[in-house]
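The chain below stands alone and is given in structure tokens; this is the form predicted on its own.
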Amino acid sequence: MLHIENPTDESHIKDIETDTPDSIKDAFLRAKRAQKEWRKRPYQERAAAISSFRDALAADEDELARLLTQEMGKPLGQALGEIRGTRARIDFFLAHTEQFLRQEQVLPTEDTEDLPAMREVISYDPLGVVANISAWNYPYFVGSNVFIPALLTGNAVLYKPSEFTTLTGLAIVERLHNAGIPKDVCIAVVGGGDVGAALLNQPLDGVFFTGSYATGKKILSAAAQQMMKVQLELGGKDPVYICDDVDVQQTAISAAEGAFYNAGQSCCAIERIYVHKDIYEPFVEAFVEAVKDYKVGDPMEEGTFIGPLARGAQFEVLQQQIDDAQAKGATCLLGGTPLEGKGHFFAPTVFRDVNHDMLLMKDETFGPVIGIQAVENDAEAIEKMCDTEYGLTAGVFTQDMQRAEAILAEMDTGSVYWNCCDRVSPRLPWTGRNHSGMGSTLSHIGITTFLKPKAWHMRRPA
């Protein structure tokens, strides 16, 4: 049984029955049968259903945003922004998926009136039944990156929302069904980690997961036994470097938002800031002033920028990093403690005088805590930015594009940013390196990842 709790006031919302190994096996068998018919439907029918789902998100956005805020604490305006941004991603997939389903004739490379002695053709089939093990921090973004292109390309989806946003996940699936997606083509699987593990015991054709590195390793090991396709997005320790030629005030405002949006619970949130020594003092001062302006509190109230953490268990991680940083000489300029009263509220926290001996600059934080370190020059910034096991994003703020390109070329990350941060585009692949994961969603790569090629060797009879 899942006990759904409101992180704002720790009140009970609802209890939900979880799936069992038997119900998961049944769901897989139903999806396996349904997928064979779903893939045969004309693409236009599948696209029409997804388009209707998009319209439902628009019609119900206020209700859905309030549910998301109630369930995981995201400020209401940010919840609305996520739902609206999801509609834009759906538009991208609707505009571009069909072209990647077409056959390619590769020999001869040009059309001819006479049938050639040998033709070579590539066609594309859907993977089959895929598991979408989604995340709680952006359930619409993370889930739709998978289930939208998967369904459009003819796959069936076993969709497991996070146990912390189960009600949102069920609301999504309900609207998919109402839009015309057959109930056995997209099935919600409800539960925690044990349910996710049982899901991977099925002979799936692929698993797409967003979550921690530790869980990702377990999923990869389990998936290897089934020889299924695997995509893992496992978070990061994303750095940004502030060069000495920037507008300090505006850059501090941008960097603060990149660090504290969604209470720092973003996969690509800024988690480390390096500042050229010549502007370190004014930047730190401007950064702290920007964070002081954030309204912390009830996420349902207008103007709230930082709500509660979705999981109270994260307090222990944050406190460990804070205690370690202070013990090793860092200076806390703001915050540093949970807020008094009910709810999972943690004060936005800013440290200066940090270094790479501290957990704060090495381990994933995933909360409203940031360290700011001075560096001598670009070379030291590159060295510090690359000193990590993760590889999701990295950013540079500078007036000089060539300088930015030279620095970003050294980053072993899936995404790089110049004068922006914490940004995801449907036109670009979302992908991690090293401990940040493997495989990609979004862009044309995030469409073709749900397809498998078939090679046709076609010889004309003599």
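What you see is a predicted model, and the numbers here were worked out from it, not measured in a lab. Numbers for residues come from their place in the sequence shown, where the first is 1.
Just so you know, the form predicted in complex with a small molecule exists too; it's not on screen, but the next bit is about it.
- Checking 285-293, 331-339, 158-166, 179-187 against the small molecule in the model of the complex, the stretch whose residues place heavy atoms within 4.5 Å of it is 158-166.
- Thr215 is the sole member of Thr215, Asn201, Ser123, Gln326 with a non-hydrogen atom lying within 4.5 angstroms of the small molecule in the model of the complex.
- Of the listed positions (Gly297, Pro348, Gly343, Gly196), a single one reaches within 4.5 angstroms of the small molecule by any non-hydrogen atom in the model of the complex, namely Gly196.
- Looking at Phe366, you'd find a heavy atom of it within 4.5 angstroms of the small molecule in the model of the complex.
- For the chain shown alone, Gly312 is not a contact residue for the small molecule in the model of the complex, no non-hydrogen atom being within 4.5 angstroms.
- Glu71 falls outside the set of residues with a heavy atom inside 4.5 Å of the small molecule in the model of the complex.
- Phe208 falls outside the set of residues with a heavy atom inside 4.5 Å of the small molecule in the model of the complex.
- Taken together, the three residues Val142, Gly235 and Cys267 all come within 4.5 Å of the small molecule in the model of the complex, as judged by their closest heavy atom.
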